[in-house]
Structures are given as C-alpha cells and as structure tokens.
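Laid out below as structure tokens are two forms of one and the same protein chain, each shown alone and named structure 1 and structure 2.
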Structure 1
Amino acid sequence: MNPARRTRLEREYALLGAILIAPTVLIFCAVIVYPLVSAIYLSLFQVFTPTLEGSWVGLSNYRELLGKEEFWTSLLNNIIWTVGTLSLQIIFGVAMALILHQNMWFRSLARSLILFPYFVSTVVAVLVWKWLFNDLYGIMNHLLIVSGLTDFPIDYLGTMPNAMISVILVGAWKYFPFVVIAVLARLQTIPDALYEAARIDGAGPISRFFDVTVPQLREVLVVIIMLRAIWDFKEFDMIYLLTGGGPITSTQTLPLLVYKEAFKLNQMGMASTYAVAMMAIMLVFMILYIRRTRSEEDT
C-alpha cells in the first residue's frame, strides 16, 4: 500500500504496533544479538580468559581451527552422539507413545511416570547413572556377573566404545519422554473414524499404522527431530558430568571443547571461534526448520 495514502487511523495502529513490539525487540537484542555479536567479535582476538585482555589476530583463529585435529574429532563425536541419541529417542519415544495410546488400566499412571527422566535434574540423573554403572558396587555389573554373562566388571565410562554408548544411552533415557509426550499429543488428535474407515476399507493393523498413523505423525516428527537435533547437538552438562569428555577426548563434543578452551586453557578467543563454528553448523538445522515451518504455512 502507498504509505502516503494511509489514513490517520492506520498510522495510529502502525505506531501502536511499533510501541508494543519494542520491548520484545529490546530484550531480543540484549540476550541474543549482543552475545552473538560479541562472540564473533571475540573470535577475532586472542584473549586470556582471567583478565579478558587480548590482541587482534584477525581470522587466524579460524585458520587454526581448520587445521586442528581436536576440532574435527570433537565434531565427529558430536555427530555420533547426536545421531545416536536422537535415533534412540525417536524409536523409543514413538514406540512408547503408541503403547501408551492404547486403552490400558495403568495408562494415566504410566503417562505421568514416563515423564520422570525428563523432569529429573541432570546432575541427579548423572549421579544415579554413575552409581548404576560403577564397576565396584554398580547394579549393572552385579547383575551381569551374577547372571554369568561376564566374569569381570565392565568399565562403562572409562573405555571406548563403552563410554560413547553409555552417554548415548543415558541421553536417550533422559530425553525420550519429550518425544513420547509430543507424539502422544498428536496421536490423540487422530480421529477414530479414520481407523474405522480404514478397517472397513480392508486395511489390517499394519496397513492402518502405515496409512493412517504414520502420515499423521510425519509433521510432528519433523518438528521433534529438528528441535531435538539442535538441543542434543549443544548438550553440555550431561556429557560433561558423565565422562567429562573422556576417556581422553573420545566423548568430547564441541560444547565440551568450547568449555575446555575457555576455562581450562584460558583461551576465550579460540573458544569463541569454536562456538561460532558450532553455530554455523547448527544454522543448517535452523534454516531447514524455518523452511519447513514456512512451507507448512503455505500449503
């Protein structure tokens, strides 16, 4: 519309809109844009963390990053962790949601219990798992030895690939309830009549699952996978507390690398460079997510 032609009322509405949006924009700038810009800014310096004093190095941090093996192994670890734990979350989450969607007498109890891992604080969860995994008094090793499956206690967190597998499993345990809840919510909105129509049309249970349930879950699964991929990719506390990135660096993901660089090696500039690189990688997911939601709105 031609702005000059706007009526007074329209101009007033536009002004009101700007006033109402302003607080959000300010907060957005303060908590998102500022840290982002300052991370990029810091990545161009060599900074000593305790004093935050540094010198301009231009892009040399980035040059160093590209040649650094630890970055690439951390990235690989990060991908293994994300893909591994996310797949398990989706598989268990969807399976559990389908089970809990059935009419069972303990359904409502089970639905609340399932949320437990998701609600429990990461520190507590990790302590409990460390205790379960312990090679001296852990229940897992005890059961394995008693049942005769193994003669020696297994070192779950101190060797590879056990450590990565354990981290992936604990991550799956902790976050699959999110998938359960999101999928269950969607399942409950699928009209029964669709299943009944399919039964009359001659579809067996398997056909009904693939022809009615799966297509209805597709959208919600895309959203879940994107969100969880982003969240799992930047997971820090659980891995840090469980293995600290060890043994050596075999479960060290990028967030752990950033932390180590910033607070153990005191290289805030280099740490910011890693963080910016991480963000660039996650940007791919975010763009996919935004595209997806936009194309949904269009159709």
Structure 2
Amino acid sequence: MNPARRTRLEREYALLGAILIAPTVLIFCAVIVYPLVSAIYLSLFQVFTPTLEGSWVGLSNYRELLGKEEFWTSLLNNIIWTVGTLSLQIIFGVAMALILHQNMWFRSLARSLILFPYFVSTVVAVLVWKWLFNDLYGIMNHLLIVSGLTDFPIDYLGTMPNAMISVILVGAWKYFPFVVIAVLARLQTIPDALYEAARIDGAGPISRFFDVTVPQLREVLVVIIMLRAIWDFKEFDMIYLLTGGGPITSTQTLPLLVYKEAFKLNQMGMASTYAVAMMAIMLVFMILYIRRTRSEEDT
C-alpha cells in the first residue's frame, strides 16, 4: 500500500475513533469532572446556598475544617459505621454463601430469596425497620417484653449506643447479599479435587475451610472489602432516613454533615470543603482497589 494512502487511512481511523468515543468523554466530563472541579472551586469560597453568592476565602475553609470537632466526630462515626457494617456483611455473607453452596432442598429458591434485601428499595427497607424498632408498637420490643428479657421498651434509634448498633445492623442486612453473590460465584469455581485431597490427608471440615476455602476466597474477599468500604463510606440515604444523624450528632457521618452544611446551614462553600475532604479519604480506597485489580491482571 502507498505510504501516503496508509497515512491518510490511519488519520481517518483515528478521527472515527475520536468521534465514537466523544459522547462517552462528554458524559464523563458532565457527570464527574465538572462536579469535581466545581466542588474544589466552591471550597475556596464562603458561599450562601440560596443565592450561590460568596467571597473568596482561599484555604480558610480547610483550616476551619481541621479545627472543627464536628468534622472529627463525623469522621469517627463514618469509620465506626463502615467497619461495623462491613464486618457483619463479610461474616454473614460468607456464612450464607457456604450454606447455599451445599446440596439442599429448595436451593434455587433460597438463592433467589437471599437477594431480596439488596434489591428492595432503601426507603421501603427503612420504613419496615423503623416499624420493627418502634418503642410503642414495634415487634422487636413486643417480643423482648413477652419473653421476659426486658420490662420496658428499648429506644433503638433515639439513644446511644442503640442508634449506631441499629443502623449498622440494618446496613449489614441490606447489603450482605452482595457478598453472598460474589463469594458464591467464587465457591463454584473451586476444584473439588482440592477438597478431596484434603480429605485424604485427614483434614476435617474446619481444616478444609481454613486450608482450602479461605485461601481460594482471599482474592475475591479483598476486592469485595475494598468495593464495599467505598460504597459504605459514602452511604447517606439509609442513615439519614433512620436517624437523621441523631441523637444529636451520634450517628452523623460525613455525607450527612455535607448535607447539613449545604442545605440546613446554607454554607455551600463549607459543605464543598467537607465533600473534598471526604473525596480525598475515599481516594485512598480507590487507589488500593485499582492497584489490587492491576496486580491480579498481571498475575
């Protein structure tokens, strides 16, 4: 082929590729790049939310953030929520995946029903749990009083540490099916020969679990933990609908603090500062996740 013609064809193919990828790039810039740049820009101003008018303050918002006790309290609550709900998701998810992996009656039906919490709307789930937790007519208090475990109703969402424990339990219930799906998929790819070899060597069920199952699940569990940590860290709607961050600020996490600053205190600049700080924290998890997935691809 003529070199000049080949060069022209390469330019045409490059132009065609640019045209095909342009819609994706535009959507990416519209939904990710622009909001991110806007948040960083607004964090350098003191902005009044209703009018979006404000004045330049530079890094003063960040200095104020580091000195605010409410920020550190919300960050601590965020860590407690993330670690607590993630730990329960992993424990319950792995246990349920191991059960559903066994040959049992109605296994297909059980696998379908276990996904119900993950697919149900967050609003519906919160309404159901708030009814269960109600201190006047909730079934949880009714069962405890009838069984004689307590003489008085328990305020699950209005006192500490009950509120944080309740929120963590609801979060674990809502999202553990994701762990079940991922772990169950990995369990089905583990060769039976490994378990058979372990049985021949005299390994019991517990030994087979720790010597065969756990090593085979390690890679997928690392990815699950990183993904769920990112998603749980930015959770807003469930906590807001359950407690609104209360009592006082006992269950207030960083997403709720951003909402409070932006739409209750009308301080959009400070809210953007909190959002940027939250993004920086989440960036650590994202870098770890990207490095982990790249290392798996290399191996």
Partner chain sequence: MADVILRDIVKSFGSVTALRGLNLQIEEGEFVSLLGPSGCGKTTTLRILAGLEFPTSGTISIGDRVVNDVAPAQRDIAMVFQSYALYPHMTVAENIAYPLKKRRIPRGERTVMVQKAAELLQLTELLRRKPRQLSGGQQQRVALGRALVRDPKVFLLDEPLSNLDAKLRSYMRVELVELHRRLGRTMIYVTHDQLEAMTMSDRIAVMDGGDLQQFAPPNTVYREPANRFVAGFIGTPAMNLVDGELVLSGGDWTFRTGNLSVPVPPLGENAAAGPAALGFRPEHVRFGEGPIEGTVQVVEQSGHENIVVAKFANDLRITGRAPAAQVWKPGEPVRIRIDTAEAHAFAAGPNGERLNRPRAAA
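So that the term is clear: the rigid core is the largest set of C-alpha atoms that superpose within 1.5 Å between two forms. Reference numbering: structure 1, starting with residue 1. Keep in mind that this is a model prediction, so the values were computed, not measured.
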Displayed copy of the chain that is the form predicted alone: 2
Align both forms on the core first, then report whether Ile19 has a C-alpha shift of 2 Å or more between the two structures. yes
Rigid core superposed, CA of Gly148 - does it shift 2 Å or more between the two structures? no
Cα displacement of Ala203 between the two structures reaching 2 Å, rigid core superposed: yes
